[in-house]
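Next up, structure tokens for two forms of one chain, structure 1 and then structure 2.
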Structure 1
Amino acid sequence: MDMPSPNPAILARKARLAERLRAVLPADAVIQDEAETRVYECDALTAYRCPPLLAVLPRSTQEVSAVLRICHEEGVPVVPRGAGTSLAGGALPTADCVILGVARMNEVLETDYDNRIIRVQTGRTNLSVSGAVEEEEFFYAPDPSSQLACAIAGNIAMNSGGAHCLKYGVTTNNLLGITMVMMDGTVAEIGGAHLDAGGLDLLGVICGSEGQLGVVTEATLRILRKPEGARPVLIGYDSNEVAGACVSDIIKAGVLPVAIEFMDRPCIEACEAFAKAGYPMCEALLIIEVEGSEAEIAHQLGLITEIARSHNPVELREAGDADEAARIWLGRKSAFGAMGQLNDYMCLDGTIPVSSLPFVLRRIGEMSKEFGLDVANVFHAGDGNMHPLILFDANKPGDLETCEAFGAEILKLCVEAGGCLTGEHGVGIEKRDLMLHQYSAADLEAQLKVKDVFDPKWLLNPAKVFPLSVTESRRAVALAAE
């Protein structure tokens, strides 16, 4: 069968745009070849793919500004991209867009240990921020499971957290200032090397805005002194509900571990086979870590184990040394990769009140039987940020659609339990049509008006966050006004 000929108008537009971009960027920073642009056709939500028109890889704020100014003049949408680890389709291209990747922008620009800050380009990976300051016994607290690969740009876009967010907070709690380029090329400095900036909290608006408002090129981050010590404990239970009740009681008692992680049997088995962490084979496993001096660690673990024992654990084991502690965390950090060896899966990101954990876990189990798809649960239990992994077969007709319908029902359950659609993965395309389940029409309109102010032409990260019908109508109004 003959392939359809490329549209001459699209080819001409692509050639003109590439020529203009090469005038402001190094030659190797503009990717035009169709085969090479396929590298950017999806992010970690691989069920959806679409090659972009072009991709660009700038190295500085000035180059980003030049790219956005040209795309603004040409009316070309732009999709900002960090490392492409988004699980919600946050960096999925459209066929008429330019992918703007920040991977080459990975320098440390300033380190100030006296004031506990580091300023970096946002293409730098999460883990390498801590790596840049570890010799001075400092670290950067947010630690998403993808921290080896994910970029600070994406962390800011999605307000990422991680296992240790229970004590240290998520990205917004560790972000002090940014350099951001608006869609028309304007460069804005927001916040800075201080605790709180005066005036409107624009930093709070931008962190978690998923690239809808601008492209963040530099970030000033809070770094912290490493604690004197830390120690995890493994606690196994014979049911998910009992493990959830234990977590709820720990939080209710006012104990603040640095992390409380939850894994159920399917995830335990996969992680043990993958990482050989020495996990007990039980129905539910908690990994609880405390930190501080030896006296503080002993006191906190004493309180935690007392609560844990009241729920009749099948196993309770404290890490005996640093190697054992590292193996415990290796198993948890390997969870998503380990599950990928078993089957295709969709990873959700709903957040609920900790007190609702037993109920929500029970309902997910019931819904699993209703939809006929298995679920593995692994999540940040301390702050109720759930990550159900729905297993499906991508090669089986209808399985993906069933998986998506199941996922939507889980996310609705999270909202109905008093939580929200996302804790750290963002909305992207995955949850955009569920936004009206969480927000009223008036609430959504307020968010849309913020987008109108920052990006009047609706060119930044199109078709994300808001219901597609809403974004299309907003874009139509913007085009009519030109």
Structure 2
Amino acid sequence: MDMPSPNPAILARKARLAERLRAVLPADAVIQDEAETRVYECDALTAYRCPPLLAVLPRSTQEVSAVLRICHEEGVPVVPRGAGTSLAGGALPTADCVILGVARMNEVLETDYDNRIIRVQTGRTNLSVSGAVEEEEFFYAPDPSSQLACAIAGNIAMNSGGAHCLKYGVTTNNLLGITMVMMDGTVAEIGGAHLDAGGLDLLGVICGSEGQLGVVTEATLRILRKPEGARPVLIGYDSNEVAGACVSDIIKAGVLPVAIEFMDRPCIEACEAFAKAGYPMCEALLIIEVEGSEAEIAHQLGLITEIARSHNPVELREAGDADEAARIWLGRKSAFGAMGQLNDYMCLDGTIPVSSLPFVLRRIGEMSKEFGLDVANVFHAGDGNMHPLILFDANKPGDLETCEAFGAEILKLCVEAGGCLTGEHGVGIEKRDLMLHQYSAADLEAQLKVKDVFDPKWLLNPAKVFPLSVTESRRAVALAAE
């Protein structure tokens, strides 16, 4: 992945910039030392690294505003950073940028159960939002698998999802209001504790804009009462086609599980070897979870198992108690760890229409042979969000490049099947150059026009989301204005 070359004029102004930032921030909030800026050289896409010019760690909306105003005046690019867990390189710096980290802004500002909202500073981690309302049996629904570490700021930037979004939706469906600082330092309040913000749906376009439209410092999030209980069932089939048909039949029957997870044989084998969850060795494994009271769970599982049986499963295992439920989830939840033990891996997240699942899995199998790299699939089957894990050896010359080429072909396949490049991780730098496979130049132009309004100088996270060739003229204008 190419990144634009740093602007020498900005590199030369490092000392002055640091001085100006120090004038508006506490002394320990401006990081200038090269050994310390290295902490921010990458996010969870570790194959790409570049220490930023400076990093700042403000504690308030006012401090964020002061930082952005200075960077705006100085014409310095800013890369916002939540917890740095992006798998797509969303927080990857350039050498001439300021990293604006919100990690120190992690307060809960308000919890209001009557109105079912929580207001937080966005540096707070996803899981600790649920933690803050757990006492009252509430939770925050979007649950990306990095939820222990990832920040709400990053969730909003990437419109993060999770395993339970078939029922509860993703970040954008659970975000009611924000405080956002624009690149010129203007503070904007959008939405609030009411359900629909007025005017154009700015909240909708800001959520998922990968930190390119503004820096969100506070968020009002919808919280929900926990269901009385939840229970999974595990179903094994000897073909992907049959497993796919089973999922489709369950949905058509009017049951809406909270999660439908799908694992293919390579994934089952790796998980079993790693976690010994007692999974059957078969071609396709479904884990389906339903919620409600005991009687409601029993009723829904009854319908699901009846449909599942009509497709002749090789295994059908209901969880009798919490232990058995945990064992059913054990393998799935350790899938990534299992892969990590086998090899280095790249995790993709293209989405496809559920109906094309068997075709796409078959093609991925064929491509795996062509590229000579193994691939295992875990999959949110209810919403079509795939997670192919391509295994490679980072120490073997050329393997990363082969893996990236294979990954790009899988994502193109997802688009051809009627799906998209990314379901929940975001584009970042990882999928940036594939955007023209999904969208025409005119489609992308419409998106760029939105950025032109929010950030006319193209200073916020400018080298992400869109192919560099597509944004070049706009970024050049920003440089020329120096």
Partner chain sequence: MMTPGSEAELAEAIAGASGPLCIQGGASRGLGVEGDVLSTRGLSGIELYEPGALTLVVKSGTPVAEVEALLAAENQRLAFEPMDHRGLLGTDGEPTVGGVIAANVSGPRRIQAGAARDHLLGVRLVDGSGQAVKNGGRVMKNVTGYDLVKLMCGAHGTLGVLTEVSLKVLPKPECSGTLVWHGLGWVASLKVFCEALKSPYDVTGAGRVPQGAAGKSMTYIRVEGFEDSVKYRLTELRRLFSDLKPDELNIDAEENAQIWQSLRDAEPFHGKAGDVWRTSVKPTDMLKVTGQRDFEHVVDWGGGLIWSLVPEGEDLRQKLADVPGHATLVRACADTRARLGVFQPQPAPLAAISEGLRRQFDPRGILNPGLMG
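Quick note, the numbers are simply positions in structure 1, starting from 1. Keep in mind that this is a model prediction, so the values were computed, not measured. Just so we're on the same page, rigid core means the largest C-alpha set that superposes within 1.5 Å between forms.
Please state whether structure 1 or structure 2 is the form predicted alone.
Structure 1 is the one predicted alone.
Rigid core fitted, then: does G244 show a CA shift of 2 angstroms or greater between structures 1 and 2?
G244: C-alpha displaced by 2 Å or more between structures 1 and 2.
Look at R332 and decide if its Cα position differs by 2 Å or more between structures 1 and 2 after superposing on the rigid core.
Yes, shifts by 2 Å or more.
Does G292 shift between structures 1 and 2 by 2 angstroms or more at the C-alpha, the core having been superposed?
No, the C-alpha moves less than 2 Å.
What is the magnitude, in angstrom, of the C-alpha shift at A253 between structures 1 and 2 when the rigid core serves as the superposition reference?
Its alpha carbon moves by 2.9 Å.
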